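Just one chain is shown here, as structure tokens, and it is the form predicted on its own.
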Amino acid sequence: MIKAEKMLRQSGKRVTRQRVLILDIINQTKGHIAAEEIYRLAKQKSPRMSLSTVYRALQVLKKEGLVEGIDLGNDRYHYEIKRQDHHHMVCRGCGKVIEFQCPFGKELMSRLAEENDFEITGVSLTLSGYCPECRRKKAGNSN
């Protein structure tokens, strides 16, 4: 696991206790975590932490490219450590998130950039639909 303090130092941003704690929480989370959950966990270790501090730190961490904020369709952003080349499928029934890599993504992006004389600096792809369990539930309810 990447150390939060090292990540902050490499980004050139000031290393604060709050930023280190928030990065540690996100880094230790498997999957995606909402700001409110980050706040709840941070408050256990730092009782004086405020929700606004969490939001401000998340904005700095996003701007520096250390974390990624993802709108998973429920009007709340969820955060994860920024990693390359992965996308998300989100179940509209239960909210389950499945991460995937697109094996032809780099070639497609290169072709699109060239065809449109466009410099692509980032890609965010979120597919929405229904997971197998929710499809089964829907099929069972339609009888």
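Every value quoted in this text rests on a predicted model; they were computed, and no experiment measured them. Note that residue numbering follows the sequence shown and begins at 1.
Heads up, the form predicted together with a further copy of the same chain isn't pictured, but that's what we're talking about next.
- Between 35 to 43, 48 to 56, 90 to 98, 22 to 30, the stretch whose residues reach within 4.5 angstroms of a further copy of the same chain in the predicted complex through a non-hydrogen atom is 90 to 98.
- Although the partner is absent here, G65 lies well away from a further copy of the same chain in the predicted complex, with no heavy atom inside 4.5 Å.
- Looking at Q84, you'd find every heavy atom of it more than 4.5 angstroms from a further copy of the same chain in the predicted complex.
- When a further copy of the same chain is considered in the predicted complex, G122 lines it closely, a heavy atom lying within 4.5 Å.
- Although the partner is absent here, R135 is a contact residue: one of its heavy atoms lies within 4.5 angstroms of a further copy of the same chain in the predicted complex.
- Counting a residue when any of its non-hydrogen atoms is within 4.5 Å of a further copy of the same chain in the predicted complex, the hits in 113 to 132 run N116, D117, F118, E119, I120, T121, G122, V123, S124, L125, T126, L127, S128, G129, Y130, C131, P132.
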